[in-house]
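Shown here is one chain on its own, the form predicted alone, set out as structure tokens.
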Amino acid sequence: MSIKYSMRLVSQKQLAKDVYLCVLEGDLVQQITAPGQFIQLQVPDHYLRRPISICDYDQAANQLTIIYKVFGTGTAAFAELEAGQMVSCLGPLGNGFDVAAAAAAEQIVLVGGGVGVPPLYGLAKALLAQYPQKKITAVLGFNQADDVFYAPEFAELLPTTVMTIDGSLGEEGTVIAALQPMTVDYIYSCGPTGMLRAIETAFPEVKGQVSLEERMACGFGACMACVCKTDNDKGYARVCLDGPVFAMGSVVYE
């Protein structure tokens, strides 16, 4: 059930250039059912809420973690909020990653690009808890060293490769360059559309799931602002309500 909650901002800190980590506390956490879901944040002096994916959550502590990038005045205003302030949050929203879908796979790879990295962290923890015997690795892609965040946290969980386009941190190149030598049975991915398209083009026979990043207003399927093309009977889907996670091969990239 997704409803509006008032959550207490526990902490907020900058992780990288324009990238912030925020911990929120409140009963919304008890409604989260899968990694990859998201929330809609109310930001000061802005009418429309901002959709932010849930990076991690702890239902015993009643806290969740989000990592977001300042793209405009709304997220900039949110970055100014301090510990102790209350935040209106709508959620949890969307369909998260299906961990059970990877049951038959032996080698699972998580592929994140830029601000698509955060939801894969909670997914990594869920996969490791359910499949401790499987080989699970992560490939994280960024433009340059200044953009890199949360790589050490991933590396504490599982083998992690960091790729930067300019080679200023980790290995030089795209996530595709890191994936091509690998044996992969199942892919979970979140990031820019171009990256998701490239992955599906490079691995057409591999099963997996992709999480889309789209601008959206309502967050629950009413405004139709986040429609994407798919191969279903309707020919489209609402990213907020039908996604943001879709099976690889079901999204028609434009």
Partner chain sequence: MNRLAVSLPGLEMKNPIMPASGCFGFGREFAPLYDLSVLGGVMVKSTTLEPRFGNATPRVAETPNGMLNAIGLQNPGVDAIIEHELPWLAQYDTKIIVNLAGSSKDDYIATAKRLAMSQHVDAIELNISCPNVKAGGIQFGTDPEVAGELTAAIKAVSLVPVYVKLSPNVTDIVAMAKAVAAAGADGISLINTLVGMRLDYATGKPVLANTIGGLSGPAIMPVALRMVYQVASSIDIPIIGMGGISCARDVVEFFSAGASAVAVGTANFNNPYVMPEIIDELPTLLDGLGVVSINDLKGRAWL
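Residue numbers count along the first chain shown, from 1. The structure presented is a predicted model; accordingly, all values stated were derived computationally and were not measured.
The form predicted in complex with its partner chain is left out here; the points below concern that form.
At the 4.5 Å threshold, heavy atoms of I3 reach its partner chain in the model of the complex. In the model of the complex, its partner chain stays beyond 4.5 Å of every heavy atom belonging to E200. When its partner chain is considered in the model of the complex, A61 lies well away from it, no heavy atom lying within 4.5 Å. Although the partner is absent from this view, L241 contacts its partner chain in the model of the complex, with a non-hydrogen atom inside 4.5 angstroms.
Within 4.5 Å of its partner chain in the model of the complex, a heavy atom is found for none of G194, A247 and V251. Proximity to its partner chain in the model of the complex, taken as heavy atoms within 4.5 Å, picks out 207 to 215 from the listed stretches 52 to 60, 207 to 215, 182 to 190, 22 to 30. The partner is not shown here, but in the model of the complex the stretch 215 to 232 reaches within 4.5 angstroms of its partner chain through a heavy atom at R215, M216, A217, C218, F220, G221, A222, C223, M224, A225, V227, K229.
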